[in-house]
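A single chain comes next, written as structure tokens; it is the form predicted on its own.
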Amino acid sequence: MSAVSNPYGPNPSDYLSNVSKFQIIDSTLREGEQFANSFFTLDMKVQIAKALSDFGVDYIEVTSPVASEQAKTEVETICKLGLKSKILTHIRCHMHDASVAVETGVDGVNIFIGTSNFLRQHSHGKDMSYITKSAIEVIEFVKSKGLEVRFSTEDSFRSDIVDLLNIYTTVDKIGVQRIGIADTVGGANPRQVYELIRTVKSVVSCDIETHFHNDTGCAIANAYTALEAGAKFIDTCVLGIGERNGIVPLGGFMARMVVATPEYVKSKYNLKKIRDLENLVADIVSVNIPFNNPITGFCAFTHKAGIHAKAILANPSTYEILNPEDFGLSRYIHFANRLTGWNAIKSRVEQLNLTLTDNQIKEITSKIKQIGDIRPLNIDDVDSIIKNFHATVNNLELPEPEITLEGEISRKRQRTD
């Protein structure tokens, strides 16, 4: 699809939109480590970091080196891998954290501090004057070491807008590469996201990074809306793992973006790596990939209804907005059920290298539907019906199970006189 004909593409009149030039900061090795099931050994982190870099994420965010001695070793090790992705570490707005971080070999430092009344009162206990002073001190120190720096407010959407604009304009003036806007509790909706980012974008010249939690199911939608409003960097995690319900899932976000801007996404990211990347992380954290996971869910490219199957066989774009071949996958026509249509059965007949007329295939389809009304069917059931019918009409001798309406299977041999 061209940009002009794509109904899901960015609005060409929206001059602030970064939908066609976004970048990914993957936080599987930082936010993802906060997932309930996560325990990453050094070897696991190295595997994940290499896989993320091979996929093409722009940045990999790792756990703060002050979290533990082992965490520091892991940061240093990942920085020495020579990956294509830049390495960032995530630290508190504190000089001690910064002094440790800049010595690990990272390309940049992501600084954060809570600015909402909730976090100021019940987390760190600091006022906005203290936050501003600390931010300036830490940012100038990191910049003096020649590293990239991002300053993010935590719980941005529950923070006072005046406080946000004051702190963002302050850090923008002293030269941060990015400011971060975080929906820490996952309560924001796309309209709120658009309005806040548009407002912030009007007062800063640096780039905007976003971090959306998924507690209310809006993470991917919020990320896309953020790009429309002028943000450029999106934080993701493989399978969306993270604190509580996690954040924007990398695979799901890719599904959204390849529909909106296919040329950019396909040229920048190795989409065929998504399945292996998700399987790697799923195995490490001991979870199953959800059945409805975008791209890699087991039924993501499965078509069942007869009307759908007929159209898909004629032109896959009729009922697929994503092309499974872009991800190294294939579609599947689910024909072993009572909703099947004769076009799907015809396709199966051809796959079995058998020859039957359309009327004969319709007769087979009717029998399949009758049995499907009574009990579940599987591929072997349908193949047996097709092969037995073919043998009968062609007077062939073929030992195959005969499937009855009651679901009984008996071995019978078709004989000719």
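Not measured: the values here are computed from a predicted model. So that there is no doubt, residue numbering starts at 1 and follows the sequence shown.
We do not show the form predicted in complex with another copy of the chain, though everything after this point is about it.
Just one listed stretch, out of 186-194, 200-208, 171-179, 265-273, contacts another copy of the chain in the predicted bound form at the 4.5 Å heavy atom level, and that stretch is 186-194. Within 4.5 Å of another copy of the chain in the predicted bound form, a heavy atom is found for all three of S123, E320 and H334. Not displayed here, another copy of the chain is approached by R244 to within 4.5 Å at the level of heavy atoms in the predicted bound form. Contact between G105 and another copy of the chain in the predicted bound form is not found at the 4.5 Å heavy atom cutoff. By the criterion of a heavy atom within 4.5 Å, I136 is excluded from the residues contacting another copy of the chain in the predicted bound form.
Within this chain, N288 lines the site of another copy of the chain in the predicted bound form, having a heavy atom no more than 4.5 Å away. With the partner omitted here, the residue from K232, K145, K86, K304 that has a non-hydrogen atom within 4.5 angstroms of another copy of the chain in the predicted bound form is K304. Checked against another copy of the chain in the predicted bound form, the residues Q360, Q47, S53, Q34 give one hit for a heavy atom within 4.5 Å, which is Q34. Shown without its partner, the chain has P7, Y8, N11, D14 in segment 6-32 as residues with a non-hydrogen atom within 4.5 angstroms of another copy of the chain in the predicted bound form.
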